[in-house]
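For reference, the chain that follows is the form predicted alone, supplied as structure tokens.
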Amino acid sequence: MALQASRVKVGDVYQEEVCNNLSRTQIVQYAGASGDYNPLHTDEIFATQVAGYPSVFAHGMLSMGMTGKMLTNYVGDGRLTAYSVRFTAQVFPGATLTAKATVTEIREVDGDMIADMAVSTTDEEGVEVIRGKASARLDP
């Protein structure tokens, strides 16, 4: 069910846990689905001994996809008109991620009501791993 303009106001917040205890298997499965086998994501020895990270870490697009699922859960399928993010920190195995959308503006464009949102995803320690924005078409 799509979000209705009559029920949305600036300042509204929606959040949900999008990942609990991210596994290395999930990271490797995403590598297979995306075709991105960068060793930073799949090779522990490379990630730690060559690149100097504490572990392999998730693809940014995996975190973005999980955050996007939160957005469509909130506004409804097929409603997003824009979605962009910056990856602000690595997501390591074991992470639990919570994504949040905050309505920043409601505007009319060509007869459609549009909600603009600030988007943020944080890990279990409160570290922001994604910061972005999204816009979605609302039902009247």
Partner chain sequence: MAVKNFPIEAGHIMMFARSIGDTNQIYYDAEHAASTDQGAIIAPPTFVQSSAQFEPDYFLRPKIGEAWFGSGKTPTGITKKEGGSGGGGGLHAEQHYVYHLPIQLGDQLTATTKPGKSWNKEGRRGGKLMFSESVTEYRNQKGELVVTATGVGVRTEHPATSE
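Numbering follows the first chain given and starts at 1. All values reported here derive from a predicted model rather than from experimental measurement.
The same protein also exists as the form predicted together with its partner chain; that form is not shown, yet it is the one meant from here on.
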property: The single option of 103, 95, 40, 113 touching its partner chain in the predicted complex, heavy atom within 4.5 Å; result: 40
property: is_contact(residue 108, its partner chain) in the predicted complex, heavy atom dist at most 4.5 Å; result: no
property: Partner contact for residue 62 in the predicted complex: its partner chain, 4.5 angstroms, heavy atom; result: yes
property: Heavy atom within 4.5 Å of its partner chain in the predicted complex - qualifying residues of 46-60; result: 46, 49, 50, 51, 52, 53, 54, 57
